[in-house]
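Two forms, one chain: they're shown below as structure tokens, one block per form, named structure 1 and structure 2.
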Structure 1
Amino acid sequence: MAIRRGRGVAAINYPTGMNLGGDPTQALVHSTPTGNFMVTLSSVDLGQGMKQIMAQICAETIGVPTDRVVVDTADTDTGPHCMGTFASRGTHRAGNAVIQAAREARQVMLEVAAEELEVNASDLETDGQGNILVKGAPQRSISIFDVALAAHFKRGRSISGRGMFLIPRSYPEKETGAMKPSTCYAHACTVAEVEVDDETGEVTVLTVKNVFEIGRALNPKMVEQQLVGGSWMGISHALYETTEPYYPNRDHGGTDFNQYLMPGPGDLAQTEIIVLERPSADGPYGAKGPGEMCANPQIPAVANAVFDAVGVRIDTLPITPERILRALKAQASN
């Protein structure tokens, strides 16, 4: 009887969006009188940070700092249609809609600035700090604050834009299954290292090394939080979680967090996250959707590591101590 060490690898891809049902999201952007920008959506922030990401996307596109943008999500009286926050589509679909709306608003903003500066709009650029400058002559400039005031009180212009992102629905071909279920794919490869106690069947995940390719990390800190959380969820799925321990028997489902097991702070694996960026052709600034993908590769990586450690295959999730002990017993009797 001993504690045995093993490691396993898994590699996956993951689709962004869900155009087997059609996949639209809309956005509206408008300026306040003092040159702040309001993004109006009916998309939902689940805690992943959609509001922050949409603010950064809008700010980048208009050419202002992120703190000049306010995002209003999820009011059906004011927000235009969004299919919803699921299918790894939030950043990708809503982000694209926000870019389109912000571009339109930016164009009006530059037209008003051009009138104020008596130049052509095409000769103007933003400095990202809240100013609009004449290209090649940056001493000729106007603040976005003053442009917005002029638009609202002097020139009767609405600095606003409409954005729409729609992937038309794909209907699978009946006989061949030819279909276009999504637009771009995120990728991942995980190597997990485990210890298995062959006396108790207990698995400890020592390290997970996760490499994720996500198009673009629009906000690297928030990407990190999502990828670390997802990695934890993958390990939890692999080793702990089940609402029906004796599926298909329906007994013994948990009713609270005392009965529904998940790894606690003492069970956390040492987690390493590496991010690669291959921009997607249709993503907002190249972003793909990492939200779901990041919880998937740990599951088979851990399963493969368990085999590497003790030489038994557990092909049924979750990989519980009981299943490992039964498999070891069966192996010993063969």
Structure 2
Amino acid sequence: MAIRRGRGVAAINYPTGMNLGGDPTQALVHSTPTGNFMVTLSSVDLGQGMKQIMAQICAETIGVPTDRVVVDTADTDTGPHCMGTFASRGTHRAGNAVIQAAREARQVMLEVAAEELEVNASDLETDGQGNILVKGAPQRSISIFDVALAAHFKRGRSISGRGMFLIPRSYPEKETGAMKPSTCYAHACTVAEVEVDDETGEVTVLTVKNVFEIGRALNPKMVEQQLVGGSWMGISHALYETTEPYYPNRDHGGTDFNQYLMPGPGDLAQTEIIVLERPSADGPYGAKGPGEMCANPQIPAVANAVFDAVGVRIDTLPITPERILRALKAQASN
């Protein structure tokens, strides 16, 4: 009986969004009378940072500081249409819709500024700090605050825009069934190192090294936090989480989260995250969707590491000590 060490590798790719009716998402952007901007969506922030990213995308497109943008996720009764927050689609689909809406609002803003400065709208640019300047003559400028006031109370213009992102739908080929379910894919590779006690079946994950290719990281710190948290979730799925025993009855099943088995801080492995940026051609500023993918490759990597350590293949989750011991016993009897 001994503690045996193993290493496992797994690589995956993951589609961004889905191929259902074009997977559409709409966005609305409008200016307040004081030059702040409101983004209206029906895409929901589940804690993944949707509101922050949409504010950044809108601000970058219009040319204002991010703190001048407010994101309202409304609801599906009153907000613009969205297919939903799932399938790692939020940043890609909603982000593209926000860019379209923000570009339209920016154009109206520049047209009003051009009237105030008596120049052509094509001769204007923003400085990213809340001002609109004449190209080549930055001393001639007007604040976005003043432009918004002029639009509302002098020019009778609505600084607003509408956006809708729709992917080209892919239909299966009749002969082969081949199709293109997504316009872009994120990628990941995980290397997990474990120790397995071949007497008790207990698995200890020592290190998890992850490489994620996610297009472009629009907010690197938020991306890092999501990827680290996803890596820990992947370990939890691999070794701990289950609603069993479920059949034939729930008599011995957990009844609440006090009894639901998950890893604690002492169970989490040393985790390393490397982000590769390969901007997507159709992503908002190159972004893809890393959401669900971040918890996927750890599961097969841990399973492969267990196999490398003790030579048994566990193909049912979670990889519990009982399942490992049963597999070892079956192996020894053959």
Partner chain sequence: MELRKSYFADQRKDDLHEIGQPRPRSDSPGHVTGKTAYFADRNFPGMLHLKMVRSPHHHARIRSIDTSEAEKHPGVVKILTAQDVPHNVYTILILIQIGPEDETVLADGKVRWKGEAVVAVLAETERAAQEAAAKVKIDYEVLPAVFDMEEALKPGAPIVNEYHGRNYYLYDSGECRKVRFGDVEAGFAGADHMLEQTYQSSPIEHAPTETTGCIVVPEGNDRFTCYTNTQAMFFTLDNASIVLQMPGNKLHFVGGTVGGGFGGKVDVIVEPIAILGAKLTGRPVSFIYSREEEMQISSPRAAEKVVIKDGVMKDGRIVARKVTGYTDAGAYSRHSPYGAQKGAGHYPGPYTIPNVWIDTYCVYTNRTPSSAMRGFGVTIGDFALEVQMDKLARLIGMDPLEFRFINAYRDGDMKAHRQPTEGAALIECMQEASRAANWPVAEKFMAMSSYAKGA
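Residue numbering: sequential along structure 1, first residue numbered 1. By rigid core we mean the largest C-alpha set that fits within 1.5 Å across both forms. Predicted model only: the values in this text are computed from it and were never measured.
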Could you point me to the form predicted in complex with the partner chain, 1 or 2?
-> 1
Core-superposed comparison between the two structures, residue 22 Cα displacement 2 Å or beyond | yes
Compare the position of the CA of residue 254 between the two structures after a rigid core fit and state whether the shift reaches 2 Å.
-> yes
Residue shift check between the two structures, rigid core fit, residue 74 Cα at least 2 Å | yes
